[in-house]
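Coming up is one lone chain in structure tokens, specifically the form predicted on its own.
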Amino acid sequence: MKEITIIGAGAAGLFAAQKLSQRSDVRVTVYERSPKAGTKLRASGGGRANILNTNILPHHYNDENFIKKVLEKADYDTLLSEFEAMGLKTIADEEGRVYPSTLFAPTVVNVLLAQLGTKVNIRYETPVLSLKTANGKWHINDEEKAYDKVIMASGSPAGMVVQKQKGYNHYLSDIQIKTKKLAPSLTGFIIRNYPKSLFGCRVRAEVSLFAQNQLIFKEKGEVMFKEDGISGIVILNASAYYNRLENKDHCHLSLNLLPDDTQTDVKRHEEEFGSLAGILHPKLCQLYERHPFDLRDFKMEIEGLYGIDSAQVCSGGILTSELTPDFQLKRHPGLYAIGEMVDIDGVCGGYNLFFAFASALIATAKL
């Protein structure tokens, strides 16, 4: 009987455990630092769990070449079939975001847990503090029990309070491995000289990200004005592209506040009606009256991003060059890394959870 351990009972870890539970030749032990499984998954997608997207393409990720290879083995249809085989029904919205039909995130966790059976033992509230190898076997926390294979699926500290981030995944220091420093992705922007009077304002806008006056990203969506910066799905997507820039100096956002109106002459409208109240949010109207600006090119200088505690995912992690096509570490046979452990991050819309599930499926296929 092959002994396999999975570090982390999040989306990738649970999916890997579910796949391994179908085999008769393995026993699986899962180490989970929290008192319950799938903590982030339960809260994902605004509590609805946006698990997939019908339009998974390489350019949605930071490493297109790596994702192309992933999609050769596991694409949207592959994952959808896997979930259907578990009894999980899904629905897709008009933008291709796929959710459980219940629109209730814990449904996904419950379905995965229900599939595990007796061959999977989840050890809750048991953080992994060390990972060492001896005689071709692996040992967790200096325990006597030896494992034939280890799947690292403990994710990243994205969304965690600063205190809990300290020492997260510290066990990686026990092995020789190349990583990229973690940074917040899918988070809001802190804006330089931010007009705080806009706090609480929500508008639909076309958002463009520029670096050294070169267009990097453009997309329409809702923008939310916070106390010191801006957020919203379109902003989170812009942050993913910003995060990939080597040089982040002289970056700014341009907001077209009339994204679906190409006809209105703003100056003429103001002269005719005495204000912009009929076409602009009241708080933006007040700001415009004090400091007029171009409604189709409202520039905001980027100070930086919100921290990891505010991020949905992190960029960085174990370099893809360290991995074989089946997510095994080249320098450590028997050791695998999946999900957010790997330096792969995508935009909003189910792309990151897709990668978590796809990497788990591929890693377990030949274990």
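All values reported here derive from a predicted model rather than from experimental measurement. Heads up: residue numbers just count along the shown sequence, starting at 1.
Beyond what is shown, the protein has a form predicted in complex with a small molecule; the following relates to that form.
> Work out which of N50, T29, N62, T320 lies within 4.5 Å of the small molecule in the predicted complex, going by heavy atoms.
Contact residue from the list: N50.
> Heavy atoms within 4.5 Å of the small molecule in the predicted complex: which of the stretches 274-282, 72-80, 166-174, 196-204 has them?
Selected stretch: 166-174.
> Is there a heavy atom of T90 lying 4.5 Å or less from a heavy atom of the small molecule in the predicted complex?
Because no heavy atom of T90 falls inside 4.5 Å of the small molecule in the predicted complex, the answer is no.
> Is L20 a contact residue for the small molecule in the predicted complex, using a 4.5 Å heavy atom cut-off?
Result no; L20 lies far from the small molecule in the predicted complex.
> With the cut-off set at 4.5 Å between non-hydrogen atoms, does V150 touch the small molecule in the predicted complex?
No, no contact at 4.5 Å.
> Although the partner isn't part of this model, could you tell me whether S315 comes within 4.5 Å of the small molecule in the predicted complex, counting any heavy atom of the residue?
No, S315 is distant from the partner.
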